[in-house]
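Take a look at this one chain, the form predicted on its own, written out in C-alpha cells.
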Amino acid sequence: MNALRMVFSKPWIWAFIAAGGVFFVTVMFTGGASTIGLGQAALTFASFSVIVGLGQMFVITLGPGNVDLSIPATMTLAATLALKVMESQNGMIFVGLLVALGVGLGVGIANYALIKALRIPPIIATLSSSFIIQSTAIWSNRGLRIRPPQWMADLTTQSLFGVPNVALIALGITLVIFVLLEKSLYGRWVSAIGQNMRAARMAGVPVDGVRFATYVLCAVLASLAGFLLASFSGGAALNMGTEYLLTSIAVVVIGGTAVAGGFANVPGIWGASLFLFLVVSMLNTYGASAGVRMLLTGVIIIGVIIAASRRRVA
C-alpha cells in the first residue's frame, strides 16, 4: 500500500495514466484491430517530441522566464542543411549529422549571446533568433526537397523486435539526459539555479556558464530531432518544426516539470509525449473536426495538469 501511494505521488505518473486511458479508449473503439499499429505509431511520433522536450525541460528548469522558442526553426535549418550536404548519399551521413549538430551549437551560442549581451528576456531573444533562423532555412531550401540517404530512411522507419528504431534512439538519449540531470554536477547546478539564482551564484555555481550550456544543449537536441524527423518523413519541409513549438513546452508541463523552475522530470516527458499523440489519434478515430480536436485537446491537457498539481499539493 505504501509502495502504491509512493508511486501515485510522483507527478509523472499522471501523464502515463492519461496516455494509457486514451490508448484503451481508442483501441476499444476500433475493436482492438489497431492495437499494435497504434502502439508503434505512438512510440514513433512521441519520440520526436521526447527529444525536443528534454532540451526544453532543461531550459524551463532554469527558472521563470526561461523558454526556447527557436526550436521549430532550429529543427528546420538543421534538417535542411544536413540533407543538402548529404545529397542522398549514405557515405555522407556522418558529415550531415555533424552539420546538423553544428547548427544546434551555433543557434545555442547565438541565443545565449542575445540573452546575456543585450540583457533581454529569453522568450524575446529566442523568438527573435527564430525569425533569423527560419529565414536562413527558407533561403537555403529554395523549394527543393532532397531525399535523405536510404540508410537513414531505413533506420528511422524500421523497427527492432517490434519497437521503432527512433524510439530506441530517443530512449538512449533519455537515459543520457537522466544521468546528466540526476547524477552530474551540471544537473544539480541547473536545479539550484532554478530554485534561486542569486543563492546559487553566492554558493559558487557558475550561473552564466550553466545557462549557456543549457541553451546550447536545447538547440543541439532540437537539431538532432530535425535531422531524424527529416530522415523519417523523406525530406525537410519549411513547416516541419511548427507543431513542436507548443508541444515541446506542453510535454514538459504535463510531464511534471515545475514551470517555476528548480525541478525537472525526465520520465514524465515520455508519458506526456505519448499522451499528446494518443489524444490526437483518439479524436481522429472519432472523426472530430480540427476545431473540436484543438478544443478537447486543450481541455484534456488542463485536466491532467490539475490532477497532477492536486496530487503534489496533497
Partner chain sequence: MISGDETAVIAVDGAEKSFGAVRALDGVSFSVRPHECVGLVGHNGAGKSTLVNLITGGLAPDSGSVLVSGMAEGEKFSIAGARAHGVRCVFQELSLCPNLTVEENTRITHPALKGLGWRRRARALIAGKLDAIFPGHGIDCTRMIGDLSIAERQMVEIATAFSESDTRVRLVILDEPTSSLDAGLAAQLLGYVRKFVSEGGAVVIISHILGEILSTADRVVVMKDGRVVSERRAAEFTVETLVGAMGSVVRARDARAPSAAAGEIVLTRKAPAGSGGIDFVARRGELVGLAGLGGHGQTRMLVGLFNAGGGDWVSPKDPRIAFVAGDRHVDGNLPLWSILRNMTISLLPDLTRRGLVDTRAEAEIAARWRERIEVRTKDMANPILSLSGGNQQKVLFARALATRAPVVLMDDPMRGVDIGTKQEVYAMLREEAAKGRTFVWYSTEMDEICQCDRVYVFREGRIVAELAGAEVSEERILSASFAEAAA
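This structure is a prediction, so every number in the text was calculated from the model and none was measured. Residue numbers count along the first chain shown, from 1.
Another form, the form predicted in complex with its partner chain, is not on view; read the next lines as being about it.
Between its partner chain and the residues Gly209, Pro121, Gly172, Gly162, the one pair within 4.5 Å by heavy atoms in the predicted bound form involves Gly209. Its partner chain is not shown here, and in the predicted bound form it never comes within 4.5 Å of any heavy atom of Lys84. Taking the partner from elsewhere, Val205 is found to have a heavy atom lying within 4.5 Å of its partner chain in the predicted bound form.
Among residues of the shown chain, Gln195 is one whose heavy atoms approach its partner chain to within 4.5 Å in the predicted bound form. Contact check for Asn90: no non-hydrogen atom falls within 4.5 Å of its partner chain in the predicted bound form. Of the candidate stretches 219-227, 95-103, 164-172, 178-186, only 178-186 contains residues with a heavy atom within 4.5 Å of its partner chain in the predicted bound form. If you take 45-79 and check each residue for a heavy atom within 4.5 Å of its partner chain in the predicted bound form, you get nothing at all.
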